[in-house]
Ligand SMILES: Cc1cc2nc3c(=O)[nH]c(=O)nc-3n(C[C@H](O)[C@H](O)[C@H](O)COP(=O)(O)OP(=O)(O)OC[C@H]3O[C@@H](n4cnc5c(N)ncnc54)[C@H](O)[C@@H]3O)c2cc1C
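Let's start with one chain on its own, the form predicted on its own, as structure tokens.
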């Protein structure tokens, strides 16, 4: 059988971005409903590459694997607002997130900062799934304070030689490539000596050590570099520009993390569970349930304000940090109430039957724990709001 990734990709019947928003939403919703496999809907944890490769191939052949990329480079060419619609519909159908950092992070970075050779080599391979990327940012002593990173990249002939380690590297065991920040200069301000490099994960000197999380999954890894070489041609931008490049996508990332869709989906499952267990007759439960419902309504209203900014092509300011805080903490509260509603089932891994619907009561609790840490911890987001929005002294 031929590899479907060798097929000609792209559904060219429609200019997707030219469709009216609600027509586009209807088209996307209908196609996902008909084609998204059940096995990738509402997964208990982050999916590994072998679990979702067929789904990636379907989206690739459809031409939907890269909604934000220009059509000339194999993407859908969607406006920011239609990208939001796409994400909302994927979340509505429970489509699990794939190892998509090449699409959401590396691709836009190379489109903006990459050389013609980097674009020609990496972009097609990223679309097809030949190149699967992981992010090399956080280190054991440089997480939210990322500018304190110590991994070094030293020039040696035509290469950079990399030494150090990265941690909390999502699905590094599945990745063929990494984009990483490394220190190329120790002089001046610490942000100014950081560069952005691309790295083949098969290069000698790389050790990947999976980290088992509280749910028993090996989603994260620590990656060690011992004299690892990458060509100077894999430097993105210029030396010392890594901090600027890394920050360029943070606003839109926080808008995505701040979407109300995940709390809404979790709340719908909570409501189904509570109804099945007769909890709506309990006034204490109803008080917590109603407060949570109102939190999600308020989150949705705030989210729409920022979506309208995107629709008007206005840049997102530091106040978008409030969405990340609100969404992730609301999701955690929802998962905690779900545990209480599940009673004895809240301590069980795996699915239980709730009025004919399989439901994992414990999984949302586990999966929501990292939300207040990744994408910049919520403590850091509160500092951003205090300084850049409220103007409070440091």
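Quick caveat, the model's predicted, so the values are computed rather than measured. Positions refer to the first chain, counted from 1.
A second form of this protein, the form predicted together with this ligand, is not displayed here; the remarks below concern that form.
Residue heavy atoms within 4.5 Å of this ligand in the predicted complex occur in exactly one stretch of 216-224, 153-161, 202-210, 288-296, and that stretch is 216-224. Scanning 258, 136, 242, 107 against this ligand in the predicted complex with a 4.5 Å heavy atom cut-off leaves one residue, 136. This chain appears without its partner; in the predicted complex, the one residue of 96, 75, 114, 143 with a heavy atom within 4.5 Å of this ligand is 143. Taking the partner from the other structure, this ligand in the predicted complex has a heavy atom within 4.5 Å of a heavy atom of residue 170. Taking the partner from elsewhere, residue 385 is found to have every heavy atom lying beyond 4.5 Å of this ligand in the predicted complex. Using a 4.5 angstroms threshold between heavy atoms, residue 17 stays clear of this ligand in the predicted complex.
Taking non-hydrogen atoms only, residue 379 approaches this ligand to within 4.5 angstroms in the predicted complex. Along 94-110, a non-hydrogen atom within 4.5 Å of this ligand in the predicted complex is carried only by 101.
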